[in-house]
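Presented as structure tokens, the chain that follows is alone, the form predicted alone.
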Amino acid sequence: MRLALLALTTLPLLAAEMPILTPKPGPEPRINGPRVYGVRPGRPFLYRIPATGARPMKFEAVGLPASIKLDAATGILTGTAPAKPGLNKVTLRASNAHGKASREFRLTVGDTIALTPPMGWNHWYTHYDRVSDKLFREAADAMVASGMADYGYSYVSIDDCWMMKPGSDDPALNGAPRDSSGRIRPNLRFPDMPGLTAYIHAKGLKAGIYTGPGPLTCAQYTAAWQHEEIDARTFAEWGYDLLKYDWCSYGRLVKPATREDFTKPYALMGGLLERQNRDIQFNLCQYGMGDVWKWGAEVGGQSWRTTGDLGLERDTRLPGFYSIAFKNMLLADYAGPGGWNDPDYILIGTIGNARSMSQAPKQTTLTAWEQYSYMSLWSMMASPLFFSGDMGRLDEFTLNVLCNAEVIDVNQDPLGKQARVIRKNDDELVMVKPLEDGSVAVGLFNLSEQPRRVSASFADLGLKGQRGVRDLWRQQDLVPVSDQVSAEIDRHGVALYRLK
């Protein structure tokens, strides 16, 4: 993690309370991120090879289609996807003064994008309506300088409040919502949308944007109602790579009673996005209504929210992210390459308060072990990994949670299977996730209020024979096992293993 490149606010951490488990990457190269990547034929192509290690570093891509070029110094791939569908087997290589690394990269040209869950940052749970062009440029800078981009985080996503806001007393927000042709106008805090996306793209990152099918967004800014076609075209022309589409005021127009009521606005926008001249991932944000996981992919979605807002979820005996995860983990049958169950963002680090949005962001109240459990759950559930804390106040502990390459590998595994629940009660949770190479990831979670030993037998896990054991958070090999996996786990903590 190249922390020296960014002036980060250092937050006080007590070593006993905030154990940093993830080893810092060495100076030798390591290529991270997905091993598979989907793009539609003839669409613009952009991919930053995620790699840790000392810079300068030289990159190579063997077997790359002729229409895509590599910047050997930055590892940024740009160009156009081949016009012909098919599989392109590419070998990515990175070298520096300390060594060399290589990694298989299967570039699939076809109808399916988002072959692994998207990773990035979204502003909502920290900045709310306090957003500007400057903020997102700084977030893109931070994603690179902090090292997050070296682990596969790539989307810098604007949520609500970039449009005009009818009736606002702020002159920066209260202008004509659309021009004479019906094209949506950003508010004055965003003077150059194409310039903003170009800035993000120049770093090898991708840009996300937000609107909804109703007349107004959740925060009462102008949305897409009756302007869906021109808005989809505008987002593509501006250069956006992801659209979050939020139900909000659409519910004032239609009281949904049938499946068609729920699907109609998303099918409309999904079809429009697919017809644009660039790939735009489509995130359906409608809080799990109408069993969206059963039809989200049919309307062109690559991910769909399965629950209400995590930031508004009430704590019970456990912090609110657990109850969100408990709902999402039941939907494993509906996730896979090209379409992912989305239980909302990762709210750790310095974060805002969704119930008091004017309140200044402050350090999360989650314990260290709760944060490890949070990231472990999202990785096991093959969920989109979107951090929504303050990118300008990243601390060492938060980066250690977000940037563990071996934990992220579980999330980004090409098989695309969401973990299944083997056992769950008031005190413990056991999950298992099959991986492409024949190994399995096993999560042992202590849900109780005291340290506890949690175990899972091979019979429970569907395994036979001896297995090597890799502790993913500590990145250490343990003694092989042949009958069960077991760990003594702190309150609300986790042991995350890869059984090879």
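All values derive from a computational prediction rather than experimental measurement. Residue indices: 1-based, along the sequence shown.
Beyond what is shown, the protein has a form predicted in complex with a small molecule; the following relates to that form.
**Student:** Going by heavy atom distances of 4.5 angstroms or less, which of W225, Y334, W369, Y287 would be at the interface with the small molecule in the predicted bound form?
**Tutor:** Selected residue: Y287.
**Student:** With the small molecule left out of view, which of Y240, W124, W304, W121 would have a heavy atom within 4.5 Å of it in the predicted bound form?
**Tutor:** Of Y240, W124, W304, W121, the residue with a heavy atom within 4.5 Å of the small molecule in the predicted bound form is W124.
**Student:** Looking in the predicted bound form, any heavy atom of K165 within 4.5 Å of the small molecule?
**Tutor:** Because no heavy atom of K165 falls inside 4.5 Å of the small molecule in the predicted bound form, the answer is no.
**Student:** My question is simply whether C218 lines the interface with the small molecule in the predicted bound form - judged by any non-hydrogen atom within 4.5 Å.
**Tutor:** Answer yes; at least one heavy atom of C218 falls within 4.5 Å of the small molecule in the predicted bound form.
**Student:** According to a 4.5 angstroms non-hydrogen atom cut-off, is K244 in contact with the small molecule in the predicted bound form?
**Tutor:** Output for K244 is yes: heavy atoms within 4.5 Å of the small molecule.
**Student:** Test of understanding: in the predicted bound form, would F235 fall inside 4.5 Å of the small molecule by heavy atoms?
**Tutor:** No, F235 stays farther than 4.5 Å from the small molecule in the predicted bound form.
**Student:** For the chain shown here without its partner, which stretch in 157 to 165, 404 to 412, 95 to 103, 289 to 297 has non-hydrogen atoms within 4.5 angstroms of the small molecule in the predicted bound form?
**Tutor:** Among the listed stretches, the partner-contacting one is 157 to 165.
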